[in-house]
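Okay, here we've got a single chain as structure tokens, the form predicted on its own, with questions on binding and movement later.
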């Protein structure tokens, strides 16, 4: 009898609390929708709609009067500059990415191991070059690269260079652009990695030390594996940025009076198709190819770095 009373009481309690639970879930759902809505809007305006437009445009014929199938892709792939543009970007990435990853990890570990006030000061110092973003950073580099004005002109004279055109010759361009990207972005990623290192629980570090791990062992076996998602995130974003190179080679080509090819990167080749050759379907095809290459590399990085594993 007592058990039947308890069961009836629990049923009445569940029935009376069900509307309240539904109201709480509804409020959480509405709050989530409000938070996600701006992102979805930006994704549509800045990502999905332009991508869909580029795909549709790339399937038009050269005169843009009807369906052209894959003819625009054939024109782009048959361009003698097509492979060269990707090779140029790949060379920049081969120089830039290992330097960036190594320097950012080493500097972040040093900052993390430094006393609190000194570490905070060094984070600010490392971040400063990133504050000179875009054209301001580029103008600074123009002075650095010009032997007649550069504070490191002894370096250029050591290589036998006496003018900006000799420094910025095409063979040196991958290294110059890699240096620009390195000094502009490394400090920002040091700050990001320091955030990841600060998130490692102290109990985990203490347990490693109690197990006899040396300082190097703690770094190699605990800290670096724990910031692996941040390293994957850094690699992903910088790969995407590298394939979008446009400003640096474009302006360097102008200040060196055409010494650098105006189709040095895939983005520049796409720009040439759109605004000089006036072949918009080919420009759209170039953009879609660039998107597929970047997306494929991005998925590979996400898979290898297990970027989202900890969030599931």
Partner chain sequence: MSRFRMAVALVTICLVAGGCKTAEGTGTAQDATDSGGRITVWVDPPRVPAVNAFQKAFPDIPVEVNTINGNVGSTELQQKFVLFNQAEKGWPDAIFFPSNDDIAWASSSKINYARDLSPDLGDILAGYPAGVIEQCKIEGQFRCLRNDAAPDVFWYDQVLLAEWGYEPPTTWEQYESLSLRIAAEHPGHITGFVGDAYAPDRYLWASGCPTNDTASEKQVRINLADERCVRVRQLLDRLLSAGVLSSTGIFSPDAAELGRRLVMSPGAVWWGNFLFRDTWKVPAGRITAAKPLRWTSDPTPMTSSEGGGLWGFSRHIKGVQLENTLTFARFVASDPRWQVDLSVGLPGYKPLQKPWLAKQREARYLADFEHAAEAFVYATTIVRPDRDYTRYNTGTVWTHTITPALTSGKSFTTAWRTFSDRLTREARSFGYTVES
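What you see is a predicted model, and the numbers here were worked out from it, not measured in a lab. Positions refer to the first chain, counted from 1.
Quick note: we don't show the form predicted in complex with the partner chain, though the next part is all about it.
Considering only heavy atoms, tell me if residue 278 and the partner chain come within 4.5 Å of each other in the predicted complex. Output for residue 278 is yes: heavy atoms within 4.5 Å of the partner chain.
Practice prompt. With heavy atoms only and a cut-off of 4.5 Å, decide whether residue 70 touches the partner chain in the predicted complex.
Written response: Although the partner chain is absent here, residue 70 would stay clear of it in the predicted complex, with no heavy atoms inside 4.5 Å.
**Prompt:** Looking in the predicted complex, any heavy atom of residue 165 within 4.5 Å of the partner chain?
**Reply:** Taking the distances in the predicted complex, the answer for residue 165 is yes, it comes within 4.5 Å of the partner chain.
Just to confirm, residue 102 within 4.5 Å of the partner chain in the predicted complex by heavy atoms?
Because no heavy atom of residue 102 falls inside 4.5 Å of the partner chain in the predicted complex, the answer is no.
Which among 205-213, 75-83, 219-227, 90-98 is in contact with the partner chain in the predicted complex, heavy atoms within 4.5 angstroms?
Looking at the other structure, the answer is 75-83.
Going through 87-122, which residues have a heavy atom within 4.5 Å of the partner chain in the predicted complex? Please give them in sequence order.
Result: empty, none.
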